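Single chain ahead, written as structure tokens, the form predicted alone.
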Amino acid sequence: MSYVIAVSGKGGVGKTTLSAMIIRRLIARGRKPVLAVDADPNSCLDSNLGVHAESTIGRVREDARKEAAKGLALGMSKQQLLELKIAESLVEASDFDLIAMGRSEGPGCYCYANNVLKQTINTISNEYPFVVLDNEAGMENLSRRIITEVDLLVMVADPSRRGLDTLKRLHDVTNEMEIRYKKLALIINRMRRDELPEYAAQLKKEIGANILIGIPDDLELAEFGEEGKDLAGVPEGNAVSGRIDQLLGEAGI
């Protein structure tokens, strides 16, 4: 069974960067290969990991539909064609593979693309000891049961009181939607002070979180993002790397 880490939070709090750092630190600790799942249609997990997802689930779904409609897949069912296209869309790297949901290129909602992504993950995830899911803002992907159970749910917020209140609301939504997880980690990202906000410890106790970690507003990491560099190049001594190692250690990974 794969160990599943899901990263969630409101938009703009650094979920994708932290997801990439979690993947990189898992690899550094020998916990590989990792399946990276970019489940945010607006995300860029691939560039943070130094790869390029040329095809996505949204694009694959449209291509398979068009080819089936034109009769280009003789002797193959639409589902078989879809599975073949998905296999071709998997980005393979030395220590991780990546699959991206992307944007739908046709009319309609994401229901079908979500179901395809769920089937894909269920089919291939057992080949990987670790799966890291970078969610879209909120809990949408988890509520749609793309992954039915999470080993470590990571909720990310900025250090403002409003940011922390968002974590409380996210946790309420998690319970309302009966999203199952074994451990819950609260990450206060881009902190400009050494001390965690006073309210953070209270929130951890209130919602029963297992882990609470503050991550500094790191200039070195910000420069990597601004220059579009692969986060594999972040030095071992980087403060954010150390905090991610702390997260994984407290989670028992």
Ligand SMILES: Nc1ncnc2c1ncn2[C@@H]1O[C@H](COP(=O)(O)OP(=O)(O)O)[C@@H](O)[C@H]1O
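Treat the numbers as computed from the prediction; the structure is a model and nothing was measured. Start at 1 and count along the sequence shown; that's the residue number.
One more form of this protein exists, namely the form predicted together with the ligand; it is left out here, but the text below deals with it.
Visitor: The chain here is shown without the ligand. Which stretch in 196-204, 222-230, 49-57, 23-31 comes within 4.5 angstroms of it in the model of the complex, by heavy atom distance?
Guide: Contact-bearing stretch, as computed: 222-230.
Visitor: Is the gap between L186 and the ligand in the model of the complex 4.5 Å or less for some heavy atom pair?
Guide: No, L186 sits far enough from the ligand in the model of the complex that none of its heavy atoms falls within 4.5 Å.
Visitor: Does V240 reach the ligand in the model of the complex, with heavy atoms at most 4.5 Å apart?
Guide: It does: once the ligand is placed as it appears in the model of the complex, V240 has a heavy atom within 4.5 Å of it.
Visitor: So in the model of the complex, is the ligand close enough to P235 to count as touching (4.5 Å, heavy atoms)?
Guide: Judged by the heavy-atom cut-off of 4.5 Å, P235 is well away from the ligand in the model of the complex.
Visitor: Is L35 close enough to the ligand in the model of the complex to count, meaning some heavy atom within 4.5 Å?
Guide: No, no contact at 4.5 Å.
Visitor: At a 4.5 angstroms cut-off on non-hydrogen atoms, which residues of 8-26 are near the ligand in the model of the complex? List them in order.
Guide: K10, G11, G12, V13, G14, K15, T16, T17 sit within 4.5 Å of the partner.
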